[in-house]
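Quick setup: the structure tokens below cover two forms of a single protein chain, split into structure 1 and structure 2.
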Structure 1
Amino acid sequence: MKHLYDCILGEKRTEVILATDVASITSHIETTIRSVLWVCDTNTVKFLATDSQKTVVLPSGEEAKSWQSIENIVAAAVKLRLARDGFIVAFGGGVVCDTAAFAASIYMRGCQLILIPTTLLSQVDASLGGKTAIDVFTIKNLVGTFYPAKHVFVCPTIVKSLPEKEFKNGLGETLKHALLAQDQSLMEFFENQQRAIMRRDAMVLERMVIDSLQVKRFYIEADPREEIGIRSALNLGHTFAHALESAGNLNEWAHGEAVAWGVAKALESGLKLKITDHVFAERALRLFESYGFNIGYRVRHIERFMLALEGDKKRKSGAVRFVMLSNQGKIRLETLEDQIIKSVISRT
């Protein structure tokens, strides 16, 4: 195992450690930490050889981000007599990480937390940054806390077992990070290593995950609590994506695919407004297309889409500011006129 860096979020420090296999992580944790409660889901439990008394298995999927899961984790922690200096260890995708982290943040007013992300999306995104959440009243991430993990163990090769759809889901966010990076090396890497990435070769997975996570680190360290507009860069493509998903397309689109489409719409809006550099935008659009993302999709129910955007506006007290890119890693927050939005989503 290799210590990569410490990510500093205000007064909190997260140690990020690279591992080549899961067994080395679990044996390291079991031998160095006295009191541990493992949290996984029905798909990730098979990778864990932990004592079932010390393991909570959540259902797989978004439904697990619930009060019921929190109650189950807290009940298991009480049964184990886990103290405040004991660790809750999340082993799973973003759902397990968000839920276990929220439980850790409120158990005894905060116990120790380790995240072991097992999907591409959670390795490059949900593992770092301190956001924890569950869904309440069917509203995604309605209840949550800010609670960075003490340690994050990243094992890129574990994503080899992900279904294709989940791998692509993570790729959407990872390509987004390539555009947000401060230089073009991650973009060049994606352009040059496409076959190896799609084959999920161990060496390229490692580079992709480490470099993509560094991009997230850059933005969250500069603005840990999303207060000065820097961290919101990570929402590139998300306003378009959320509207697409909530305008009746929730089941049609995996989140990462909707984000890829949303990034394309932000770039196209930037081109129309002459905010975005033409050469950069064309190159970025080609990159998403080359990985099979349907960025040319035209919204059929435009009014429904605009209504979904209105809903976003209400939740954010009036102004929806879109993250735009003027060039590689250079963001601007802009309000967009309906006419521009309509023209890019229907490509007129």
Structure 2
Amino acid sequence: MKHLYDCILGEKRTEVILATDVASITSHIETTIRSVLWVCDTNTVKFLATDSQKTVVLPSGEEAKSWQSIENIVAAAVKLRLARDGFIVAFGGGVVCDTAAFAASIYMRGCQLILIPTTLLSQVDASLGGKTAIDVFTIKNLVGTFYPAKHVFVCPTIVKSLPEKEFKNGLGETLKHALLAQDQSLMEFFENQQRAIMRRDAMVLERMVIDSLQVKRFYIEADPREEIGIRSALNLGHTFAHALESAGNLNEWAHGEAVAWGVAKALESGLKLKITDHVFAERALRLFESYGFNIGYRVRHIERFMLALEGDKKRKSGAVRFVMLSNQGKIRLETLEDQIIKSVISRT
């Protein structure tokens, strides 16, 4: 294992560690930490050779981001007599990481937390930054906290075994990071290394994950609690995406695919308002299309989508703010008229 860096979020410090395989991570935790409660799901539990008395198994999928899951984790922690210096260890994708982290943040007003993200999406998105959440009233991530993990173990080789759909799900967020980077090197990487990425070359995957995380690190260290607007950049595409997911009852769209679609809608809105550079937008849209994302999807139940948009947690002074890009890594927050929103989400 290799220490990559410490991510500093205000007074909190997250140690980010690169691992070559899962076995080395689990062995390290089991031999160095006395009190541990593992949280996984029905997909990842098979990779854990741990005591069942110290393991909470959540359902796979978005439905696990619920109050019931939080109760199950807390009940297991109480039964295990986990103290504040004990660790809740999340071993799974974004749903497991978000849910377990939220439970850790409120158990005894905060116990220790380790994240072991097992999907591409969770490695580049849910692993770093401290956001925790569950879904309430079919609104995605409505209830949550800021609670950075003490340790994050990143293992890009896990990505090689993901189903094609899940791998593509993660690509949506990594491509988003390419647009947010301060230079075009990550975008050029995705353009030039597409074949190697799609065949999941080990060295290419490692670079993709590490470089994508560095983009996220840049924004979250500058604005740990999303209070001054810098970190909001990472919400690029998410306002559109979360409304699409909520309108589909959180089970019709994979998050990464919804984000890719949402980024495209933000770019198209920027073009309509003459905010976004035309050459940059066309290049970015081509990139998403080249990786097979359905950025031309047309919303049919427009009013349902608009109602879901009203529940967006990024509202300020009663208005929903959208992250827009003027060019590479250049963001601005804008409110959009309903007419603009409807025109881009229903455009064929």
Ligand SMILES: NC(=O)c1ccc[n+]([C@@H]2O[C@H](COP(=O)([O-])OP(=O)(O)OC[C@H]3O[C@@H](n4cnc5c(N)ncnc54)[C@H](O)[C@@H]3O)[C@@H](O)[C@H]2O)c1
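Each residue is numbered by where it sits in the sequence of structure 1, with counting from 1. Keep in mind the model is a prediction, meaning the values are calculated, not measured. Rigid core here is just the name for the largest C-alpha set that superposes within 1.5 Å across the two forms.
Peer 1: Since only one of the two is the form predicted in complex with the ligand, can you say which one?
Peer 2: Pick structure 1 here.
Peer 1: On a core-based superposition, does Lys54 travel 2 Å or more at its Cα between structure 1 and structure 2?
Peer 2: No, the C-alpha position differs by under 2 Å between structure 1 and structure 2.
Peer 1: After a rigid core superposition, would you say the CA of Leu18 moves by 2 angstroms or more between structure 1 and structure 2, or not?
Peer 2: After core superposition, the displacement of the Leu18 C-alpha between structure 1 and structure 2 stays below 2 Å, so no.
Peer 1: If we fit on the core, is the Cα of Ile295 displaced 2 Å or more between structure 1 and structure 2?
Peer 2: Yes, its C-alpha moves 2 Å or more.
Peer 1: Please report, in Å, how much the Cα atom of Ile340 moves between structure 1 and structure 2 when the rigid core is superposed.
Peer 2: Comparing the two forms, Ile340 shifts 5.0 Å at C-alpha.
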